[in-house]
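Take a look at this single chain, the form predicted on its own, given in structure tokens.
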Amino acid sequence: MKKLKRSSRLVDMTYFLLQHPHEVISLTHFSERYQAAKSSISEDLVIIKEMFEDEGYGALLTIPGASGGVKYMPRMNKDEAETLVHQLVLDLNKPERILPGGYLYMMDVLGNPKLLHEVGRLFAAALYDKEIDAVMTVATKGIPLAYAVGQHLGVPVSIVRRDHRITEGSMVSINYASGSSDRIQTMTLARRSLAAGSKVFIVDDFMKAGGTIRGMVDLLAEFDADLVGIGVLVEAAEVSERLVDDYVSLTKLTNVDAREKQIELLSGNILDRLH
């Protein structure tokens, strides 16, 4: 890259950090990238750090040592998070979304890149102090949500499927009980999709009793992987038995009546998990 003026360097450096969350970037990398002295780079990073913190974009951590540098950690301030969750509640709180079985039509939400980008940042903010190696979800509707979260955590996504695909090679399969229908079903994950010992965050678009998520938790044991947390876009409040306990939700479906076309959603518990 050609030598840049400070103003241009600050813009490019900010963009670079936003595109590489949770990644340690050395001062040498920036010095060589911009053909600038490390002392100048350090001054630039102080400016960016103050801007990130003042505007609630996140934190810029200094990592000491020979292999150190700086690391951008996405955050979201409480006001911005409340606005996002409130907008989700308004968008989802429509009787025409009601589907048979007490589910909701959400494909328009899951297909909205701008909205999911912010949802991913909110989940990442709630996981600010967690070490995470991968995000896991089950195909198919959880995929866009998982990629949005993975982008802000700077980690890959592992996709669990309910069928075997020859293009994914050797698979690990388990049987699990669906919490809503009490049926025994199968889920699979490619052996190459998740490294042993990985710290994993599970996400899903909708949770009733939590049978599918419970199945993914059990699947982690087959990979000697550790569960760091669970996140859902919508949780159903009225269930007889919840198969998972500790999770974060953006919204909570408190009432749905398909016959009367009545629906009510409230904010989930994620606002209480922000640091």
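Only a predicted model underlies this, so the values are computations on that prediction, with no experimental measurement involved. So that there is no doubt, residue numbering starts at 1 and follows the sequence shown.
Not pictured, yet referred to below: the form predicted in complex with a further copy of the same chain.
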property: Contact flag, L99 vs a further copy of the same chain in the predicted bound form, heavy atom cut 4.5 Å; result: yes
property: Contact flag, Y247 vs a further copy of the same chain in the predicted bound form, heavy atom cut 4.5 Å; result: no
property: Exercise: Q262 in contact with a further copy of the same chain in the predicted bound form, heavy atom 4.5 Å; result: no
property: 4.5 Å heavy atom contact, G197 to a further copy of the same chain in the predicted bound form; result: no
property: Among the candidates M73, A126, V157, L92, the residue which, in the predicted bound form, approaches a further copy of the same chain to within 4.5 Å (heavy atoms); result: V157
property: Of A190, I174, A177, L84, the one that lies within 4.5 Å of a further copy of the same chain in the predicted bound form (heavy atoms); result: A190
property: Partner contacts in the predicted bound form for 25-60 (non-hydrogen atom within 4.5 angstroms of a further copy of the same chain); result: R33, I47, I48, E50, M51, F52, D54, E55, Y57
